[in-house]
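Laid out below as structure tokens are two forms of one and the same protein chain, each shown alone and named structure 1 and structure 2.
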Structure 1
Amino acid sequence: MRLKVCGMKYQENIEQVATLQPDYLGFIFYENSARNFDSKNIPKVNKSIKKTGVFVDASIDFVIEKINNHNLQAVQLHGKESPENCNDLKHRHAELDSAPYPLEIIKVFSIKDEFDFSVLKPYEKSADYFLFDTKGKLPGGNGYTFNWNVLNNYPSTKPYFLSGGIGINEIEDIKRFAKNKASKYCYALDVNSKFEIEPGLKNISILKEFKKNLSEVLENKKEKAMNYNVNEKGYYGEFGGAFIPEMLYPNVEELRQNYLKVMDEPEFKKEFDKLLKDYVGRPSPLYFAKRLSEKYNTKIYLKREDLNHTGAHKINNTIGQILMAQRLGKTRIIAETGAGQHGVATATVCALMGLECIVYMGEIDIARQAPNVARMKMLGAKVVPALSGSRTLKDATNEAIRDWINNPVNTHYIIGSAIGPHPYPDMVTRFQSVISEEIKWQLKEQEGRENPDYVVACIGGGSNAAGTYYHYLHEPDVGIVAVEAAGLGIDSGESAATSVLGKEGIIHGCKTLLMQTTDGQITEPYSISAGLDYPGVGPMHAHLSKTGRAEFMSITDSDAMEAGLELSKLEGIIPAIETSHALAIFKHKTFKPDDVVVMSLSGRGDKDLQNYIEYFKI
């Protein structure tokens, strides 16, 4: 858990408390409080400490002014602020140029002996954290604890701060609480009045003692392993970030500042949903694969992304990004593609919107994937061969990035997977999350429950997987299986199994697992499936792998091809070879008869016909 020390007031005292390295320091901007912070400046404290402004029903202008003046990274709202107020504040903050990172919003709720948790629901999207305080006469600082057992019924997965009357006498209670289920989402302890000599003046030695006695609890910053979503700096655990040349900074920064705001606009949502429905053909069916289930003696559901327009999940993302590009006033679209699926999906939406489209594709892939090259051209896109390096997907991505550097004003780069610099992995994941959003209600209809026992997807960069997992990431009873391409075998030297063969490093602007030499040169992967033939993996998946949240499996070319043929014969569905990798796990992993396994059928096999024909001599 983290530590927040609240109600700081005096310069020297602030500096002293800062030397104890709490995670947050709180400053109350509320005239009626004895701890109202009225000095001109907050002294300089270590950057790792988040300065938090505490407000009670203050006006947005007032809050923004304090954020600006004091460089606050978080605000804690103690009054009757509505979810809309929180959103407005976020948006106003994002417009400040002094805002390097999104503002953290902590919404406070007061608890006595019981609490109606349904009041949290409207804040799920607008607040980053909840804070639970003791209900009493004052808005905070009442000096006694509430009954923490109430939190046994905490229905959310949002991390929360535990507050209210915590002092040196609560150390044993906290230790017990930390072992208890109720603390699962407890992100931080918030302390104040019990450490004071007088209001606003903290007793350093008692704080020090508290911190020392609780070191085990406080050093276990377990939400790192528990939070699988991106944090405010663009990291999933230790992976992610934006390692980009300065030339790209304005573009990526513009996107970062706007993507959540735009995706939140009702008009945007409406247009996105409508296109997914009328143009893409969503919702895609969740199909119970009866004969496949019989064969493997378990219950297998296939999420039919192959039935989408253009034949794969890729279009969910390109629809979202083209609308984003329009909102940002961009007129020229670039993309990279490997097998051509993402290139086709991008060319399609550009035709739909009448925007110029340039697709970079490795020279070797252009030769391997002639039908998709022809489709892109028919759709009006220009296909530019990537001639550098190994002339495949990674080089096509390099070329697209270079194009963006050379065209910084009018161009939007539609990345095709959950990779690249922040905010791309998160943005792509959110657009693809429609997959698991639908699975939830579809499974409820068919099985009477929203949560399957497993969700399974193949991983190239990880976009169909991210979308399939998204709404289940924080559901511990749902197992996550990620399937990578082993190529000719993990140890063959011809493989794309990044989670096994990769090491932490930087590729295409993010820190993640990637295949590389000991010298840090990125190596060329191999898989029979062009869509899985990428030397890295999205940062979210690197995190899922590292934390053990997902089970990673690798499937060879031959197992995948057999599984593709099997699905064709058993269910009358010819899958893309990428998808065939996911299907092949049933040969290697045994599920229980009553397990419900939902698999993303990410694409159809039309594009791979030639490969199947040659492989099976059909």
Structure 2
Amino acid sequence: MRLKVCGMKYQENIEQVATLQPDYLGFIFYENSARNFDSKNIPKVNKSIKKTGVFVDASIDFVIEKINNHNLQAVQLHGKESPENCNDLKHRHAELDSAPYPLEIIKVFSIKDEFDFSVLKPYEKSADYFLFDTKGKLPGGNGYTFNWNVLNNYPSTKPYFLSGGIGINEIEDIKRFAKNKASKYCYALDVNSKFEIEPGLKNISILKEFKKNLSEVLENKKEKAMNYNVNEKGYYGEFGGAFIPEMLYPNVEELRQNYLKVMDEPEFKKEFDKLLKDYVGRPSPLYFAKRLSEKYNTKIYLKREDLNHTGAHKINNTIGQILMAQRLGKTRIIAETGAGQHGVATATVCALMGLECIVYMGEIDIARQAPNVARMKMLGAKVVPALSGSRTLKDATNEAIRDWINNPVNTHYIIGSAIGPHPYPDMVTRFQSVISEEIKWQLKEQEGRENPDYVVACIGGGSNAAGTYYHYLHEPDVGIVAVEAAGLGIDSGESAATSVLGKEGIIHGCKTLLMQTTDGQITEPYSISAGLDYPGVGPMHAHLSKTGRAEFMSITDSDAMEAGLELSKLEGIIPAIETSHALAIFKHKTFKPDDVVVMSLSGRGDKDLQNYIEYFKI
């Protein structure tokens, strides 16, 4: 539940309120209001605070003028604005050169003791949020609350703002409201007149106290709900931790103590964001797959990670980790790879930053992923074959860890999956979370809402899936689907379906679900996909599986290959075989016609072309 402080008027007071870090600051552009904002400029505030213009039946030209003058990210419409008016405003805003992100439109409705919710329906697609205020003589700032129980009959899934007479004395009411079903879609609280010394001048001390009390309410609510993020000890529920040789302790501990601080540095964020934009090519598109959707009678969106530089999601993480390695003074980089995409992404960033790069890869994977091996070598990396065990991803990881033990001082290990000792699963997930961060605003732009009905991703170690799920983990209305490789069949003895075949064990530095024999020996996995034949799964995903938060599905080689060919012919997109596993679920799971299903297209199929050729005898 976010916080919006509305009715800001005075420059110094705006700066003071901004230090409290509300999510939204509201500026009223309505001459009849005592809080009418008529200054030429809004003081500079943190970019995380969304500046919101409040209007009452204003012309689109007037609203656009204020958006331009004050760099507004949202508008709040208090009058009789029609759905068509909202759509026209969005289109006009999209044409502006200064509009890198879609404009958020908040449509206001007034309530007293009852409300006809049918009036909301025409605005479902044109408004991003609804706001419910107390009905009074003038729009906004009346200082009275309406009967919040009316919202128990809220029929929509669109998030809304709760407004009208909320002050410090309403904190107990907010606590009770947070327990009711009416609060499920309450996105933010909007406060105004109850915190004023005079119209437009906010009392900072009372506002600060209210924000503190609100945070406590939300924390109590979170504690009662299941937590799917890592805790301070590095565990997701019972999975995670750091099970490492003593020689590696200094390296892992150095990373644990510093990764969050480094990631929070403004300069780190600036450099990371700039490279994602200018080098990787983000944001990656969210593409509505029209023909695929028609075939399966549901709405399918593909998050096009295959269009990133190097052809997969892996680059998001390697950009972040190479910047981390530099700040920790490391001069030598090692990595493991299965399908080769992580190896290419690591070799790419090492070439970019001028650092030595060694990539470990299973001998079998080297043979079946020859194009990626060539790319790594062209980029200056040394590719070292793993010759033990199954000679695939697991064994490549073993070799990389041995290298790290022998070179602990100057070497950083860029792990490519959401696996390994803490803090790796969390760090990798945070770097990959840009995927779900973009999905939220892209989906809002296309569907009028941030939350899909389902998010879907293929899963081996799980970095692509972790990034796709991250911002939806605690959104109960969003279904999470994880798709594993069943190989030749779950009971065939040639499979990599960890959620079905795995049990608790320790692999590569963490406790997770692991395919193993009764005496604890790791079972060799199999999949036609080099990126999914891993005997374990990241600890976050193990937690999602055990708690039931995610639905795990297992897809065979044959179903995956057919799904990859189908996407190629229906949409003109050749997917990586890893992604093809996720695409195959539509033959096994039925979605409703109005369901919105967002699937991460984790990588492109160039690297797998020979596999496709041999399988289909093209």
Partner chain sequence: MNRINKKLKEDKKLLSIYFTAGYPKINDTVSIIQNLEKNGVDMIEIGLPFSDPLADGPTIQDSSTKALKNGMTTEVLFNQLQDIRKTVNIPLIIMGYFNPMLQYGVEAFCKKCQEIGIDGLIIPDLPVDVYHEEYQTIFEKYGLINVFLITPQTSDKRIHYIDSISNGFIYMVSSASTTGAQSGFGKEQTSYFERIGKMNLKNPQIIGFGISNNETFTQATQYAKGAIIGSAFVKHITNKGINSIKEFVNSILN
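Along the sequence of structure 1, residues get numbers from 1 upward. Note that the rigid core is defined as the largest set of C-alphas that superpose within 1.5 Å between two forms. What you are looking at is a predicted structure, and each value in this text was computed from that prediction instead of being measured.
Comparing the two isolated copies of the chain, the first one is the form predicted together with its partner chain. Q73 is among the residues whose C-alpha shifts by 2 Å or more between the two structures once the rigid core is aligned. Core-superposed comparison between the two structures: CA of K290 displaced by less than 2 Å. Relative to the superposed core, A560 undergoes a Cα shift smaller than 2 Å between the two structures. For G389, the Cα shift between the two structures is 2.4 Å when the rigid core is held fixed in the overlay.
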